[in-house]
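Here you get one chain, nothing else, as C-alpha cells; it is the form predicted alone.
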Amino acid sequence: MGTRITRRSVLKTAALGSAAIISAPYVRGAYAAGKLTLGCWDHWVPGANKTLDKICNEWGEKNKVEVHIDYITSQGEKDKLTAAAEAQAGTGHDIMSHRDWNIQVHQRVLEPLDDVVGQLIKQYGPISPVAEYLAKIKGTWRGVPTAVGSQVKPCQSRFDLFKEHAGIDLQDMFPADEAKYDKAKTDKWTWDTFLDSAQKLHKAGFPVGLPMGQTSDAVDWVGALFNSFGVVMVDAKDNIKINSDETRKALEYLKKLMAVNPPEVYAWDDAGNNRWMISGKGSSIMNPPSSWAVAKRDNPTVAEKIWHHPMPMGPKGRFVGQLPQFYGLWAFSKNKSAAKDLLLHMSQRESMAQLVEASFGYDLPSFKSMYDFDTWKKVGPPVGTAYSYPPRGDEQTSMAGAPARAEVGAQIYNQAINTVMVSKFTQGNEKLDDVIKWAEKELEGTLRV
C-alpha cells in the first residue's frame, strides 16, 4: 500500500497555493466516508476488469469506503460521450477514465491532481513526456496516467519471415534482455533497412501492413515516423513548420514504403492491421500485443512466430507512438480526498504489476521504472515476444500533434492531417508542393482556437 492523503493536508496545500507532496495517511471522516464511483474504460482482455475490481475493493474494505465501478465501452466512443454528458451536467461519477485528448477537452471541470502525480513521480521517477503533454495543462496536472488501456505501437513482426526473406534476425537484434542490446546491431535498424526488408517481403508474398486511414493506429505510426525525420507541423509558439525539407524527405520515403503495402491499407480501421497479422499473410505491423494475443487463440502457428521490437530509427532518432489513458477527478465530486487516495493506491507499483499481468502485457504504465515487470519477460509463445513492447534502448515516445499546444495538437491528431497528407501524395498522386500547401491551410485552421 502506498502513501496516503489527508483532507487537512490537501486544504493546507490549497491555502499555500502550491502543490505539495502528500504523505500522511488517509483518514475517514465526515467529508470522506461513504461511496466512490468510477467510470472506467471497458477492457478488451477478458478478466482484466476483475483485476481492477480487486484492487479497488481491497482499498475500499481497508478504508471503509464503498467503491462502485461502471465499465464503459469505447465502441462508438461511448466512454467519451459519457464523460462529455457528465461534464456538462456537473454530476456523475467521482473518477472517470479519459483517453488521448480528453483531459484537455474537460480541463475546466477536472480537479487539479498535482499532489497525486507529484507523489508518484517522487516514488517512481520520470513520467512519459507524452503523458505530461496530454494531462499537464498550463502547468497543472488534471489527470493521473493509468496503465489500463495505455499502449505504445512498436513493430510486431514475423521473425521467421524476416530471417528467411530479408536476412534479418530480429530476435538477435532485439533480444528479450535490454542489457544484451548491441548498439552496433540496433543502429542498423533504420527506416532504410525497414524499406529494404518490406520490399523483399512484398516480393516473397508477405507484405508489411501499415494502415493509412484516419484512425489512431495510422495516425500514431505515421506520427512516429514524422518525428524520426524531424517533421514539425506546428511548434509550441503557433508557428506552422510543415513546409520543410524534413517533410519532403519523409513523404518521398513514404511514397516508396506504401508501394509495397497491400492496397487496402488506405481503407483499414484499427482492426485491419490486426487481422492482417493474424491471417498469416502479414510480415509486420505496428501495434500493441493485442493482435498477438488474439492469434494465440485463433492462429497459434502465427502467434509463436511473432516478435515485438522497437521502431526503425530515422535521421532524428527512434520514436514510437504512445496512447496513454488517464483517470480524472471531476471538480464536482463530493469525496475528493478519498478519491485522490484511491488514485494513489491504483497507481502503486504493486497495483500496476497486477494490471499488466491481467492484460498479458498490453497495459503500459507511464513510468519507465516499471518496465521491469516479469510479465513482459514471461508471456508467450514465444517466451520474450512482448519484452520489447515497452520502449527500450534509444526508443522515445511520440504523440502526433506535439509539440503544438494541446488545443492545436488535438485538432491535428483528430483530423489525421499527417495520414491525409501521405494518402494524397502516395495514393492520390498529388504533387508534393500541393500537398504541403493543403496542409498549411489545414494547420492555419487549427490555430483558430
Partner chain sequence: MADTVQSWGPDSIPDTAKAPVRVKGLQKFMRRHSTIAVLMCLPLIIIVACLIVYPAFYSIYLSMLNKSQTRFVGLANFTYLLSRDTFWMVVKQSAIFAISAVFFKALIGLITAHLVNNLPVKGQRKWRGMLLVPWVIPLALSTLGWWWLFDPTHSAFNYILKGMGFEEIAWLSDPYWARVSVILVNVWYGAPFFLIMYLAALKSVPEQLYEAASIDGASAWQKFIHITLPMMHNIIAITVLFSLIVTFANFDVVQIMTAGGPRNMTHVFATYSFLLGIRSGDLPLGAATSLFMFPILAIAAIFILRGVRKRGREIG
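Since this is a predicted model, take the numbers as computed values, not measurements. Numbering follows the first chain given and starts at 1.
Just so it is clear, the following notes concern the form predicted together with its partner chain, a form of the same protein that is not shown.
> Of 377 to 385, 415 to 423, 396 to 404, 43 to 51, which is the one stretch near its partner chain in the predicted complex, taking non-hydrogen atoms within 4.5 angstroms as near?
Careful reading of the contacts points to 415 to 423.
> Could you confirm whether residue 269 comes within 4.5 Å of its partner chain in the predicted complex, counting heavy atoms only?
Within the cut-off, so yes.
> Does its partner chain get within 4.5 angstroms of any non-hydrogen atom of residue 193 in the predicted complex?
Heavy-atom contact with its partner chain at 4.5 Å: absent for residue 193.
> Should residue 238 be classed as touching its partner chain in the predicted complex when contacts are defined as heavy atoms within 4.5 Å?
No, no contact at 4.5 Å.
> I'd like to know if residue 199 sits close to its partner chain in the predicted complex, meaning any non-hydrogen atom pair within 4.5 angstroms.
Result no; residue 199 lies far from its partner chain in the predicted complex.
> Give a yes or no on whether each residue among 214, 276 and 445 has a heavy atom within 4.5 Å of its partner chain in the predicted complex.
Judged in the predicted complex, 214, 276 and 445 all sit within 4.5 Å of its partner chain.
> Let me know the one among 281, 256, 249, 316 whose heavy atoms come within 4.5 Å of its partner chain in the predicted complex, would you?
The option sitting close enough to the partner is 281.
> Among 264, 172, 182, 298, which has at least one heavy atom within 4.5 Å of its partner chain in the predicted complex?
Going through each option in turn, the one that passes is 264.
> Within 4.5 Å of its partner chain in the predicted complex, counting any non-hydrogen atom, which residues from 423 to 441 show up?
Going through 423 to 441 in order - heavy atoms within 4.5 Å of its partner chain in the predicted complex - the hits are 423, 424, 427, 428, 438, 441.
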